[in-house]
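First, one chain by itself: the form predicted alone, in structure tokens.
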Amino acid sequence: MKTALYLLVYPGLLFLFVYSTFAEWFDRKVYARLQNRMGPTHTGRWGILQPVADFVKLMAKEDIVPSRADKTLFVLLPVVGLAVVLTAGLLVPVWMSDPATPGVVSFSGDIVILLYLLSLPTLIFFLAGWASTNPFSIIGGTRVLTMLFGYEVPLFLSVLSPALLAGSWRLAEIAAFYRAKPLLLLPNLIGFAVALIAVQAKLERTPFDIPHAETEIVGGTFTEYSGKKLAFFRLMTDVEMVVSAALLAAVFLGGFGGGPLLGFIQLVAKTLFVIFLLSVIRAVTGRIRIDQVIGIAWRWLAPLAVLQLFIVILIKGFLR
């Protein structure tokens, strides 16, 4: 019974769908307010149902497959992508009153598997653009793959550094370690900043929205996508944002302990805090060029991530 609840309700499919649409509304509201706009207002109270309405509208629209596209890949990739990020969401340790029994899906090394699953959407976006055979889609897909070589290494180094200090590759144990020793969260602030910027790039949000720059390449990777497939891709992006925020909260903010109810409250509060920071970055920056993305990643993010790793190694040696 608990396994079914975990897979289907919380933190499974139903929760991820509901919470990811809420997170999109929150992100749009914060982004709009920072730009002195209202954001969603009409659909539901305070416009809270606008992302759901957008999803339903896309599901009802005509679903077109270009005649020259690779039809098999074109049809399967949105479903595969959504399945990947939903699977990643199951690895977030939400039922964690005891780190020895954090939930149904928890094992040593699950942080590495979660990072791997979160890297797959980038490959899926590239294949989606390539399968479309549209020049704009191919350019967008190429940009997605190019960006991967910039932000992925800093993201992995920054997220795995706290794991090294905690002496575990299991998310539940990492979070429990920092809840027991909250002062050790402070040395990880550099890694948190690096990971935050890298996640912004992974989600292709401003200033890293080059792969689907409307003024340059129409819609980039998604130029040929419509209807249900585009709805799945948008939902996939929302779920990826929630899972990425939950990963940063688990590693850098002490996770979600204290039992199911308190853990749920902490999950919502901490993930919304991370999404708020992502929205601020989105609001105060403008789009940059693809070469600037790679330059920022290797000139700044990678050295800072290595510095974070060096600090962690020194602290771990001192604690021994």
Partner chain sequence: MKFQIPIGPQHPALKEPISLRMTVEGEVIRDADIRLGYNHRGLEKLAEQKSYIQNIYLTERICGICSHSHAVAFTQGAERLLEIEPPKRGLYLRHLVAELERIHSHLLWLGVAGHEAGFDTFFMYTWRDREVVMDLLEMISGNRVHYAINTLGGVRRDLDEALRKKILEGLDVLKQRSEYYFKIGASEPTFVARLAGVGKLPRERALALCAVGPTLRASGIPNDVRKDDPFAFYGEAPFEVATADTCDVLGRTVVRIKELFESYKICGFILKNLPSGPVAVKAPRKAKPGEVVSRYEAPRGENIHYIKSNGTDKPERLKVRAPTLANYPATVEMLRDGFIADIPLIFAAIDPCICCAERTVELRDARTGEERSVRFSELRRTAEERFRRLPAQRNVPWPF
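Positions refer to the first chain, counted from 1. Every value quoted in this text rests on a predicted model; they were computed, and no experiment measured them.
The same protein has a further form, the form predicted in complex with the partner chain, not shown here; the description that follows concerns it.
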Would you classify Thr285 as touching the partner chain in the predicted complex, given a 4.5 Å non-hydrogen atom cut-off? yes
Would you please decide whether Thr237 lies within 4.5 angstroms of the partner chain in the predicted complex, comparing each non-hydrogen atom pair? no
Spell out, yes or no, whether the shortest heavy atom distance between Val153 and the partner chain in the predicted complex is within 4.5 Å. no
If you check in the predicted complex, is Phe55 within 4.5 Å of the partner chain, heavy atoms only? no
Of Gly109, Gly167, Pro182, Pro135, which one comes within 4.5 Å of the partner chain in the predicted complex, counting heavy atoms only? Pro135
The unique member of Leu49, Leu277, Ile290, Val30 whose heavy atoms fall within 4.5 Å of the partner chain in the predicted complex: Ile290
With a 4.5 Å heavy atom cut-off to the partner chain in the predicted complex, the contacting stretch among 172-180, 84-92, 216-224, 229-237 is 216-224
Checked 45-69 against the partner chain in the predicted complex; residues with a heavy atom within 4.5 Å, sequence order, are Ser67, Arg68
